[in-house]
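In structure tokens, the next block holds one chain alone, the form predicted alone.
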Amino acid sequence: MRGTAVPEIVRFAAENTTQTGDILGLGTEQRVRWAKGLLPRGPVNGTVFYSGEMYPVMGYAEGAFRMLKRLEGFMDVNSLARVGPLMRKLGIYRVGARALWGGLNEKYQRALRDAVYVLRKLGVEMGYLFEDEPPSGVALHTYGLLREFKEHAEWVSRRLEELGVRRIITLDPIVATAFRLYYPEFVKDWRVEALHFVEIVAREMARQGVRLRLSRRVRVTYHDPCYLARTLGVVDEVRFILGRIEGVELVEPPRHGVNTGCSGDGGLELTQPPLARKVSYERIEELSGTGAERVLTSCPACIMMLRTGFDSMNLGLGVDDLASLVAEAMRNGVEREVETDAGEERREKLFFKRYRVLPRSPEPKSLELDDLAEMLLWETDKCKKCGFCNVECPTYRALDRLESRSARGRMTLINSLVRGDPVRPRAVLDRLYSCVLCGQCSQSCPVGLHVQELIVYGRAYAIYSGRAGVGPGA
């Protein structure tokens, strides 16, 4: 990344991911302390619960995100990233983070413990890798550092094979996406199955005829994370789980399921926090308009954006992980339907639809510049400039329909950059980093472009070509 216009915060996140295992650089001890005494070490029958690099430290990210809002006009996120390594050398980085935001972080770690409780009550056998858990490295993919991601993913694949891991269960849909969709593209002979928590819970509740009960009545709405609903196609499982909990009334927001709205994360919360907040407000108004008492979701980044957004708008609506509500109900006891031949047969036939929403992912022959350029030109030349994607683009709407920060505008900028047109590469990369990667553009594209993946590859081209450098014209 040396000599490029990669933002300092992206460098910071990438180096921390590969060196300490999480984008904040808080280290292994902080990531694994939540699981002490909960799970056996190592895989059980090849299965592990995978906490990933976000959930265990997301409270610290939330604290920093809140702090940046107060410091707007005095310090931006890249300035904070430059200070971070110095604070770490002085030994005050981790101590300061825990003192300031340890309470916030406990909420995210509690969701992990609740998820483990639910899975074990359903009889799911699994272990945990503790200090041996390798980070997925999905942030490297998100920010277009694809060569680094490929190298990291190959190392993770070898490490998991050495440890005997054949199946991963995770609460994080972003790392589930990495293992299910990105790793097979970048790693030869990837053999690890990756499942999200709600997939396992819904299947086991259906198979065992499980019903649960809350000790109170609560009206909830559910925010479908883009990575879970639109990218992985997991929608019906959530509604099945909530429908099996007596005392829960689900009120859907106008956009839900595969048509969900964006909460403003997808990497934008790190690169351009003010824009991320602005994007989140539209979704927050939708969710608050349901009249629900609580908002549920299943993604650490979405939880952070919704919690901070509700507070910013003084709405006072709480946000919980779905796992925590299921655990609360499960602690009241588990009821199982009386076994009958008809009921057992019905449960055996029950399956959940895996929605296929997004088009085929673009596949360059390699990550060499010529192959990236060939693929990007071939794909972006298909764009008809119709603007269907712009109607759905959350950053386009948040910025009063600014074309250069729209889905269509980004396709045009990538095409111009690869062709060598007189565009400012540094400015192009900035526009590409303003995308939330929500996939609404790809869902609406009439020619079937996988727009958000093209944006990721466009970021890679801008970085590796050196055209986003610091020389004349940059």
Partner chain sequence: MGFPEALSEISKRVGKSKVLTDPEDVYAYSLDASTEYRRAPGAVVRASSDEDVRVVLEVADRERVPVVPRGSGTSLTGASVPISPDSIVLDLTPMRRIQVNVDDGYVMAEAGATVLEVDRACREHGFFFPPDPASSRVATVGGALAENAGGLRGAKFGVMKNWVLAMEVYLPGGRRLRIGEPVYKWRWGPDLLSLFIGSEGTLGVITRAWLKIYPLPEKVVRIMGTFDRLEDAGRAISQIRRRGHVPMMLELLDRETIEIVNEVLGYDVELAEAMVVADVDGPREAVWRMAREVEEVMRESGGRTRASDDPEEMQQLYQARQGAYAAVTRAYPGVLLEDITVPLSKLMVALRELENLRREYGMRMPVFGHAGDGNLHPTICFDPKDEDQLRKAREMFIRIGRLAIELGGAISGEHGIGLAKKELFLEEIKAIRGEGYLEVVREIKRMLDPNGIMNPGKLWF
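From a predicted model like this one, the values you see are computed outputs, not experimental measurements. Residue numbers count along the first chain shown, from 1.
Below, we refer to the form predicted in complex with its partner chain, which is not included among the displayed structures.
Although the partner is absent from the chain shown here, Lys384, Phe388 and Asp421 each have a heavy atom within 4.5 Å of its partner chain in the model of the complex. A heavy atom within 4.5 Å of its partner chain in the model of the complex is found for one listed residue only; from Val48, Val436, Cys441, Leu413, this is Leu413.
Gly409 is the sole member of Gly409, Gly63, Gly42, Gly27 with a non-hydrogen atom lying within 4.5 angstroms of its partner chain in the model of the complex.
The closest non-hydrogen atom of Asp189 lies beyond 4.5 Å of its partner chain in the model of the complex. Taking the partner from elsewhere, Met67 is found to have every heavy atom lying beyond 4.5 Å of its partner chain in the model of the complex.
A residue is said to contact a partner when one of its heavy atoms sits within 4.5 Å of a partner heavy atom; Ala427 meets this definition for its partner chain in the model of the complex. Contact check for Lys365: every heavy atom lies farther than 4.5 Å from its partner chain in the model of the complex. Only one segment in the set 398-406, 129-137, 294-302, 172-180 has any non-hydrogen atom within 4.5 angstroms of its partner chain in the model of the complex, and it is 398-406. Scanning 442-457 for heavy atoms within 4.5 Å of its partner chain in the model of the complex gives Cys445, Pro446, Val447, Gly448 in sequence order.
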